[in-house]
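The chain that follows stands alone, in the form predicted on its own, written as structure tokens.
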Amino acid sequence: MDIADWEKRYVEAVSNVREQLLNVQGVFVAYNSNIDAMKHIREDEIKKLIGILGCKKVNERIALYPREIKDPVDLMARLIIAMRDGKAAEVPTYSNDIHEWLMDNLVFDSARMGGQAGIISNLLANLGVKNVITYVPWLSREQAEYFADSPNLRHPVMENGELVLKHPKEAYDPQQKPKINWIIEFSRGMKFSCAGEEYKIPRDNRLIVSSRPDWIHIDMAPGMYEHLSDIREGIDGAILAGYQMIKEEYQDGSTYKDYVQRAVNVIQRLKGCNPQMRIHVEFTSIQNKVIRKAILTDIVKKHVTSLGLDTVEVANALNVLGYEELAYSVINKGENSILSLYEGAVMLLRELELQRVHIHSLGYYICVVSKDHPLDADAHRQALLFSSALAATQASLGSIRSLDDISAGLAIPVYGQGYDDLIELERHLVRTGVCTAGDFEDGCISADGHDLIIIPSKVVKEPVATVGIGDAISAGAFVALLAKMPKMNICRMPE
């Protein structure tokens, strides 16, 4: 297909998914939600911060590649690394000092809903999903104000020993402090220098300074856990995110192993009498390799059906699973990077025993699906196209208020470079005998033990904001698949 044919496919897919979304009974979304302090940094502000800290200190810290932000020099080093590479990054900080320093020297432009689970919950509610149950372990009054004011969005609370569902604005803990992250966005083409090193930013992207105070726990109160069965009849699947906030050790003597097991217990409780329930985990940048591996091997493997990642996250996952050479090839900007990304997706599918791996890269999305997935390749392609239109809407408007907004995303043209990348992958697969050119024509290929679905995406050249685009991609595709899934009411007792 040429680009014009892909545009027609987009229109057909969006129309089809829109009609089917009402089939989704509900989605459970957890855990991470926070308030994002948004800052679009300018060239003069970059120079100002470098001047305050000193180029020599910053350059020395860049060479050390800090995995945690302990002071402003760490912050500036990781910001310059992200800008130099044009790649998104999320780096934790365990001190409130960084927030105070940024407030003194930068000041944010605006505040909005942050955190994968929070963003996804609002998105699904605004898309009109009938029942969105969101769960945030640290729901504060301030945080609750950032949830969509929609009757189909509710949060579980325990009252008199029973689980009840209320809007987050009626379910918050009045004693809970808010969690505030800084999102520092930068624009392609900006230039600056430091100690003789000249930088030109190659791509719009951002650095997330992720606040990790001591009271952050990826957990669920025992009473609520025991009553999860009360909500699972009302949901078709779950999207789980925020596991990156698990720590190796806690002040009370517990370790990451305790919280990993609790996370698994929640998944098992959700699946309950329906082991086929769709469970999607949204991955993210995780600096700690011990936690990164534990999430993949102990939470994701065998317990969930679907995993969503971007290119850098694929490389990080492959690295801790022992595929260092393939990981390096994935992030290498050479002509074979798309081939390595496909091979990496297949490796994750097999290594983690998943039914689906969804990867979004600039210009195209790759999805590999196991043969035992109940939906065919065409359904997965429609889901990817729908999610790409949603992402383009998010990028062009900055937020999605209703499903009608998707017309803005459809108006964005298919990205030419992404289409060219698809052709490169086609040549490789034909050359190696995986498929014929005719097989690849529609972006769906049946290979050894899996199906490959790949689409060229729609890319907004000058996005209003970059935060939430990846969440729109993963959540949009997942809910589109739920809309197409055959319904299994095996939890219901016979009358």
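All values reported here derive from a predicted model rather than from experimental measurement. Residues carry their position along the shown sequence, with the first being 1. Think of the rigid core as the biggest set of C-alphas that the two forms share within 1.5 Å after superposition.
Only in words, not in the display: the form predicted in complex with a small molecule, which the text now covers.
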Thinking of 132, 231 and 234 as the candidate spot, does the small molecule come within 4.5 Å of a heavy atom on all of them in the predicted bound form?
no
Looking at the partner-bound form in the predicted bound form, is residue 473 within 4.5 Å of the small molecule by any heavy atom?
yes
Is it the case that residue 463, even though its partner is missing from this view, gets within 4.5 Å of the small molecule in the predicted bound form, heavy atoms only?
yes
Would residue 375 sit within 4.5 Å of the small molecule in the predicted bound form, counting heavy atoms only?
no
Hey, in the predicted bound form, does residue 395 get a heavy atom within 4.5 angstroms of the small molecule?
yes
The unique member of 459, 429, 41, 444 whose heavy atoms fall within 4.5 Å of the small molecule in the predicted bound form:
459
Option touching the small molecule, based on a heavy atom within 4.5 Å in the predicted bound form, out of 452, 467, 37, 49:
467
Which among 359 to 367, 96 to 104, 79 to 87, 121 to 129 is in contact with the small molecule in the predicted bound form, heavy atoms within 4.5 angstroms?
359 to 367
Given a superposition on the rigid core, I'd like a yes or no on whether residue 205 shifts its C-alpha by 2 Å or more between the shown form and the other one.
yes
Residue 236: CA shift of at least 2 Å between the shown form and the other one after core fit?
no
Does residue 313 move its CA by 2 angstroms or more between the shown form and the other one when the core is aligned?
no
